[in-house]
Each structure stands twice: as C-alpha cells, then as structure tokens.
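Starting off, we have a lone chain in the form predicted on its own, written out as structure tokens.
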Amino acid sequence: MNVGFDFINNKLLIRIDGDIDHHTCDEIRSRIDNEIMRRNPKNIIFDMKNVNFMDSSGIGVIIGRYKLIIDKGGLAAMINVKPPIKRVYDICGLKKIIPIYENENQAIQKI
C-alpha cells in the first residue's frame, strides 16, 4: 500500500496504490490527513486507478476525508474507479455526495 500526492490548482490529488481495508485504513487516513493539514487544499481528488479492493473501513476513510474538505467549503471527487470499487461506491450511496470523473483533467476542471 502506498499513497502519493500531487497539488494542482489548489486541489490535492490523492493517488492510492493498493487495497483500502481494515489492515491499511489507519495508515492511509493518517497520510491523507497529514497532507491536507500541510497543503490546506480547497478540493480533493481520489485517484483509484490502483485500488482493486475497498471494504467498509475504506469507505470510512473516503467519507471522513470528504467531511474534512466540505467543512472548509471544498469539494471531493474520484477518478479511475474500477467496476468492483464502483459497485461498493454505488451500494453505499457515495455517488450522491462524491462524483466520479473519467480522468484527472476532467476532475480538475469540474471541481
């Protein structure tokens, strides 16, 4: 599991590489929170290209970071979501609060 970051136009692009589950969620949460505190982005974009599995702990990580950003008046988005992750995403109702975009450029332009 690895988490990488890019900062583009006051947007924090969060690249997660690996599963987001009860084994990895604390480390992922900590790394993202530290980067949000350090950079103070307006919006965040989760790049899910290299995520093949996400359980309820992973959903908690996503929702928690979403809440951090909306409390500051920002927005969140997701890109490169694979079908198994999209299924979990849809079942949990995340699609109502965090839009999915096809790619990084589209997300950067829309939020």
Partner chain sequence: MRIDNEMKLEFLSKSQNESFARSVVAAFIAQLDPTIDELADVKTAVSEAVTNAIIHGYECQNGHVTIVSKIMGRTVEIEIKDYGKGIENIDLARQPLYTSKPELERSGMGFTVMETFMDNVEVDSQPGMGTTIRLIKTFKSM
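Because the structure is a prediction, the values reported are computed rather than measured. Numbering follows the first chain given and starts at 1.
Separately, the form predicted in complex with its partner chain exists; it is not shown, and the next lines address it.
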Partner proximity in the predicted complex: G64 to its partner chain, non-hydrogen atom cutoff 4.5 Å: yes
Any non-hydrogen atom of I59 within 4.5 angstroms of its partner chain in the predicted complex: yes
Interface membership of V51, its partner chain in the predicted complex, 4.5 Å heavy atom rule: no
Proximity of K96 to its partner chain in the predicted complex, heavy atoms at 4.5 Å: no
Candidate spot P84, V88 and I91, all three touching its partner chain in the predicted complex (heavy atom, 4.5 Å): yes
Sequence-ordered list of residues in 1-40 near its partner chain in the predicted complex, where near means a heavy atom within 4.5 Å: D19, D21, H22, H23, R29
